[in-house]
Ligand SMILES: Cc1ncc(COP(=O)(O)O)c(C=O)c1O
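The chain below stands alone, shown as structure tokens; this is the form predicted alone.
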């Protein structure tokens, strides 16, 4: 049989972390082993009933069965505009400053295709969501990792990025509330970030997918910062805000030139999100504010229980400030995060995500997703 060689860009991509974990889980389940799955951020909390109801009703409407508009259903974008004004106090022009996405990941990965040339740098956080690295490599960019360290509250030290790289960089990816560390970004840092991007001509790709999963302090939008709209595109997701991971719906908003560039890519790649799903998203943004309060309550209770489990097991460094993740330093007796994650899977039947999978500066940590019921979390054995 003839073989076909993958492109060099695909050969550069590391195996997708969650696909590898999923393969291991399938193998164990095939042997009849029951797992406690704390590996992937796929909420077990049902989406609002209204999401399915509106989707069902809208899918039967002929006009919603046609090709979507790539830029988004006008009434959906109006709902985004209203929600954003209420939540962040930021005004958006729904015609020019908002674009509908087939989930925020799609937009984050497609963005460099609009603005990055081969050999340009993109700046990504480490540890950080693996999609950012993939976005850079697929566009032919060079990657510079910005360390997110506990001693710096998991914020990058922008001044330590080499001048030669700053001058060649096109996009800086950042994500707060942060996956995987759960850290929040104070406004003083966001102000520094906007000044930095403005000085060096950088695009800020601000992944705000977890904006509604918080406990003590309400997260900000980068667009609240003076001058941010000149250099920023912010990404939001229904996957986390409304526990709708499979629906594939999100949006990006901010600088109109960045919106237009991303739209030009999307018109050549996809035909937009299913209009019936956009209609469901519109209704949720307009009518389901209480749902996010419920999600925060559920995740907060789970967080408190699991932190207790970790403390009782002797974990010395635990971070759980926002999102539905817990980021913890691995026990000293394990050589690496991969070593510990294999131990958990094989010996304790617990699936968790090794920190190394989020970048080299994630080594030494493990990420747990709070995506099971409280009684299950309380039963987890870690050592």
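Positions refer to the first chain, counted from 1. Here the structure is a predicted model, which is why all the values come from computation and not from measurement.
FYI, the form predicted together with the ligand isn't displayed, but the following is about it.
Contact with the ligand in the predicted bound form, judged as any non-hydrogen atom within 4.5 angstroms, is confined among 240-248, 116-124, 254-262, 219-227 to 240-248. Taking a 4.5 Å heavy atom cutoff to the ligand in the predicted bound form, the contact residue among 175, 232, 181, 100 is 175. Of the residues 211, 292, 104, 139, just one reaches the ligand in the predicted bound form with a heavy atom at 4.5 Å or closer; this is 104.
The ligand is not drawn, but in the predicted bound form it has no heavy atom within 4.5 Å of residue 171. In the predicted bound form, none of the heavy atoms of residue 84 sits within 4.5 Å of a heavy atom of the ligand. Residue 129 belongs to the set of residues with a heavy atom inside 4.5 Å of the ligand in the predicted bound form. In the predicted bound form, residue 108 approaches the ligand with a heavy atom inside 4.5 Å.
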